[in-house]
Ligand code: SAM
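There is one chain below, alone, in C-alpha cells, taken in the form predicted on its own.
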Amino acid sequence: MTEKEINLFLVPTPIGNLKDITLRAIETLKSVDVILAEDTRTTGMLLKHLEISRPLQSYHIFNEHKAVEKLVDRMKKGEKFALVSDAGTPAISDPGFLLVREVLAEGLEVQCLPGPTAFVPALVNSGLPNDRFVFEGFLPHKKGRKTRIESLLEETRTMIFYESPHRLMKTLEQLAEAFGGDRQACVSRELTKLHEENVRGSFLELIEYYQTNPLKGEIVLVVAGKNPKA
C-alpha cells in the first residue's frame, strides 16, 4: 500500500511539548489536501509553529454526524484528508470514530500514525501494574456515573480515566467510597509540559493533597485494580 492510496490519515499532535511532533506527522500534514481540526484556532497555532500552510476545516463532536457523508464523498473524488484533535491521538476520547468507520465502510483506506497520547505516559509513570489495563476515558457526568463505577468494582486490571480539574475531587471521593480509601492511584497533569506533576498515593492521601493544592490542566487518573487475592 502506498501513501497515495490512503484517503484519511489520523495524525497525533503534541499533548503539551511541541517537540513531541514526529517527522512523519509533519510530512503527512504538509502532503494532504485538507486538515480536519477539532479546533481550527488551536491547530492553526500548531501549523504556524511548524510552518505548514494547508486548508483547515472544522471537525468536532457537534458537527461530525452532519459532516461525515460529505467528507467521504470528497475522498471518493480523490481528496486526501488528515484528522487531528487539539492534543494527542484522534478518536481517543475525541471525535474520529464515526469518520473512520464510514470511510472504511466505503472501501477507502485509513492510516493512523503513531504518536502522543496522554494515557500511555500516565500509566507507565504511575508505578502501577501496566501489563494489563483498561481505558475508561471520561466517566459520565451525571446519568450512568454510579452504574459505571459499580461495574468496575471487581476489575483487577489497572484502570485509566480522563478527568477535568473541577471534577477530580468528586471523582476521587466517589471512587474512594466504592473501592476503599486505601486503593492506590496516581494523578498526572500537564504531562510533557514545564509544570508536569504526578502525585501518587491512596485515594485518601490524594484527596487530602488536592484540598490544599490547586488543580489546573489536563488530568489522567490511573487507579490500581482490585487485588485478585482479596
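Note that the structure is predicted; figures quoted are calculated from it, not measured. Throughout, we count residues from 1 along the sequence that is shown.
The same protein has a further form, the form predicted in complex with the named molecule, not shown here; the description that follows concerns it.
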- Using heavy atoms and a 4.5 Å limit, would one call residue 87 a contact residue for the named molecule in the predicted complex? yes
- Query: If you check in the predicted complex, is residue 134 within 4.5 Å of the named molecule, heavy atoms only?
  - Reply: no
- Task: Answer with yes or no whether residue 110 is in contact with the named molecule in the predicted complex, where contact means some heavy atom within 4.5 Å.
- Result: no
- Message: Is residue 179 near the named molecule? Define near as a heavy atom within 4.5 Å, in the predicted complex.
- Response: no
- Picking from 72, 159, 118, 149, the single residue whose non-hydrogen atoms come within 4.5 angstroms of the named molecule in the predicted complex is 118
- Item | Proximity to the named molecule in the predicted complex, single hit among 170, 193, 200, 60 (heavy atom within 4.5 Å) | 193
- Any idea which of 28 to 36, 200 to 208, 64 to 72, 162 to 170 reaches within 4.5 Å of the named molecule in the predicted complex, heavy atoms considered? 162 to 170
- Item | Residues within stretch 124 to 145 having a non-hydrogen atom within 4.5 Å of the named molecule in the predicted complex | 138
